[in-house]
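One chain is shown next in structure tokens, namely the form predicted on its own.
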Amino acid sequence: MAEPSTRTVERALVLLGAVCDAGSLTLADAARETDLSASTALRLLRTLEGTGFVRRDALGTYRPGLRVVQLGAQALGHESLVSLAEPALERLVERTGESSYLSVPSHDGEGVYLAMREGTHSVRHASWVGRSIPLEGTAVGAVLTGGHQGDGFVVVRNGVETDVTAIAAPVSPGGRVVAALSVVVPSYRITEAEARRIGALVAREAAALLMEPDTGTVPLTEDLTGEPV
């Protein structure tokens, strides 16, 4: 009888954890550490290898794969980036009264709202944290894909939603865009001049977001995909 899928997932995760804890394991050691038969351990290890979660070296030993490293870097990067961005988001709300967002690229080729501070106006943009947004035709998408102009920010009206204007700027330590800061405003109450004023504020906060205050260096050494910056 086939093994229940939840049991298979549980065994695969335990096996992956054993490999990561040890740093490297032979098939025999992996089976022994997880109380699995050698055939079951081999089947699961091959699946993990095929998806990049483990790799097998020239001696046949299993080690953590690149996918594990990438996911760890993404998790740490997101957590630290949100913490770093919180003061900037709060300042943008204080200076504009509008909702402000931190967004990052997602694995499926879109963007995702990672954090936000809600505006203070009675009519304001409610939280979209966790929602995906298209990269094409949006302010956040434009800056995440390097489409911002010399002013350092992008203004898009009626992008994701009608009657809404978004103003975004890139967070780009070392010249590599890793995130975007944005302010979202109901279009009826923003003029072109106000959009430029807010754009300058967003660009300034985004440019300073990953800079050490004393040295001007970037504290993160990897972007959110685990690649060096």
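A quick note: this is a predicted structure, and the numbers were derived from the prediction, not measured. The numbering used is simple: start at 1 and walk along the sequence shown.
What comes next is about the form predicted together with the DNA, which does not appear here.
Of these, R46, R197, R67, R63, which has a heavy atom no more than 4.5 Å from the DNA in the predicted complex?
-> The residue in contact is R46.
Partner contact for T162 in the predicted complex: the DNA, 4.5 angstroms, heavy atom = Answer no; every heavy atom of T162 is more than 4.5 Å from the DNA in the predicted complex.
Is there a heavy atom of T40 no more than 4.5 Å from a heavy atom of the DNA in the predicted complex?
-> Flag for T40 set to yes.
Consider A58 of the chain shown here, and say whether it contacts the DNA in the predicted complex, taking contact as heavy atoms within 4.5 Å.
-> No - in the predicted complex, heavy atoms of A58 and the DNA never come within 4.5 Å of each other.
Are any of the heavy atoms in A28 no more than 4.5 Å from a heavy atom of the DNA in the predicted complex?
-> A28: yes, in contact with the DNA in the predicted complex.
Proximity to the DNA in the predicted complex (heavy atom, within 4.5 Å), stretch among 168-176, 198-206, 29-37, 185-193 | Heavy-atom contact with the partner occurs in 29-37.
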